[in-house]
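Given next are two forms of a protein chain, the same chain in both, each as structure tokens and marked structure 1 or structure 2.
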Structure 1
Amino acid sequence: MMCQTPFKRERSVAQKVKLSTIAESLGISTATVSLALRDSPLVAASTRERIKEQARALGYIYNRRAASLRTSRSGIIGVVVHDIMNPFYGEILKAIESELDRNQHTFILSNHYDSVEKQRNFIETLLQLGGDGVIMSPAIGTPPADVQLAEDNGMPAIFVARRMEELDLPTYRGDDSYGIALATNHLIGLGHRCIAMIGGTDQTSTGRDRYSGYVNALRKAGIEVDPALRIPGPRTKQGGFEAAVHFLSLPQKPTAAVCWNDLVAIGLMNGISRAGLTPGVDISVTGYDDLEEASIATPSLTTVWNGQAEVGRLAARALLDKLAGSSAPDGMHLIKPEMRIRQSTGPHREMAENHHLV
């Protein structure tokens, strides 16, 4: 190992200095120099010639081996998810970028907003670019052929957060049914019996898995499941905030809420505060994901760590392994969630019920 260091350092320093030296000596950008040396038609032919001449004059040696390695890999990685602005996906993306080395790759991102057509356009665009691979959380209703198209053209696909039953591709996600049961059991352990579930939808695998995890945990504790205690839909802070009115007017007077994710939980807590009740005292609230924000919320949020960083890191590793020709079996990799107990949950008290709005 040690004997390689001087060689490596010398090569990278030499290349760096020379590209920028050419650029500076001509008063143009290194981007233009780099394109010209790769004979890109984006630079005018006369400028290209001038740059090459200057490169020769300055003794710039074009590293052909590096260039051919670059040619076989575009260095472009696509990431397409429901909504990259959701911090849950943001945290997955940060881990992917960090694992794949931000400086060696160009990441192009896209939101599909669960439109199969938008997702398809993105995959086609990525194929046109010669993308190295795509990491995706498939849109609701994705036809297997749309993903197969990528695979068939040598662009491996890795799934995060959502699975597709029809395709045996590497899939990284948290164990949703287990995780939501952790949260439900935590509330049952605090003496709560009337526990609502807020947010999520049956249209995604995650939504179905979380609802069944909640239902099973209640049943195991001998608590009757009341479908009216489920308020489906919300997945944002605004959604959680708006659901507070519905939640607080439920005739069953729930004393606790298992929320779809941290965003819904924080929105719900804000709505509960607005109604004059204290989350964590009058009403216990659990989140899901353990976003960075959970620990600084007021009150700090009891939640389920869902391993976003692990999901991103492992998905990136799987992509690198595929590109290196690994023949490791594909399939599902479930990350085991963990409970993070903070201030938004507390023991059940009779008093809480008297405070309720009806």
Structure 2
Amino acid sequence: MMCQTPFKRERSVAQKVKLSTIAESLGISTATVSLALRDSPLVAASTRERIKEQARALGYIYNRRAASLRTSRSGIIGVVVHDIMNPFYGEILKAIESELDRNQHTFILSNHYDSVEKQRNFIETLLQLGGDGVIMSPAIGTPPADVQLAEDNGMPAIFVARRMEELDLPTYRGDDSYGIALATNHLIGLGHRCIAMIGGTDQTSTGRDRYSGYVNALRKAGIEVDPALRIPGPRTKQGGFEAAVHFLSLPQKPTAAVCWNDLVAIGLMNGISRAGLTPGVDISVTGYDDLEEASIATPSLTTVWNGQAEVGRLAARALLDKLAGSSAPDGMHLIKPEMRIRQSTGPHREMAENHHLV
């Protein structure tokens, strides 16, 4: 008989603690406990903290499923992007998480790696889990029907970084065309006329916008656009490093490069250095996004701040407002980029030599 005692004790501990148990232990109403655990401002802050401490002491676990049945909301948000290993998306996600945390929401994350099927499976799973909404950077080739499926089932979608022309949904991103034009004009101002663009793809709205910014800046400066100076594709440091061989072998002998992002730019600079040249002196290089790594690269990278944290914060806020009944404005919401001039860019050698002679 003695051996049965621990089993009984375990069963007693394992019993679920109810809101009424907390309320009775504190001599308050169950409604007050419920409001306090949801951080309602209707309950004084000191009382909320006292109730939470008692709930923890009693081993209370919030039952999200039961709450969703009462409120028709699960408190779960889906976030799906290309690849979280890219620090660009990491900075957006950090801001989304912070905003959701402040509003007692949690999120489920998925990388789609530009697989439409993987993204579709995530959206369907999120619907099955009763997700409240989804923040997404849509995969290349996403059919509008996949996003509309979420919308039609009461799960609003917000876009970040990429847009879909077919859907007029709230979209938060940096003004990529303007931002790349800033970088290109910076190089033109340093006397560079033969400027390559490295990385990206026309399959995404981001790629198309950044290339158009580069082209427009060259044309406004009276510089002929040479398609052979574009090296599409790379989006990583490894890709930038491998592109250095192609870049350095171009017959036009470009003296500068506008890169798709900071990762490509850092990889390119490593490749240029491996070839015995000095970035910022022999060849000027600009990045894009102003990642944390940009300022500590060697040389420190001239780049364009693209407002990733602001993009994430505004996207999460827009979704929360929609769920609260406010009408989040549809259409494009652009963050204005800013130049960050560092050591990886310098004057064209002829300009520098003429300045030295003067």
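Here the rigid core means the biggest group of C-alpha atoms that line up within 1.5 Å when the two forms are laid on top of each other. Residue positions are counted from 1 along structure 1's sequence. In this text, all values refer to a predicted model and were calculated from it rather than measured experimentally.
Visitor: Between 1 and 2, where do we have the form predicted together with another copy of the chain?
Guide: Here the form predicted together with another copy of the chain corresponds to structure 1.
Visitor: Using a superposition on the rigid core, decide whether the Cα position of Glu338 changes by 2 angstroms or more between structures 1 and 2.
Guide: No; Glu338 is a residue whose C-alpha shifts by less than 2 Å between structures 1 and 2 when the cores are overlaid.
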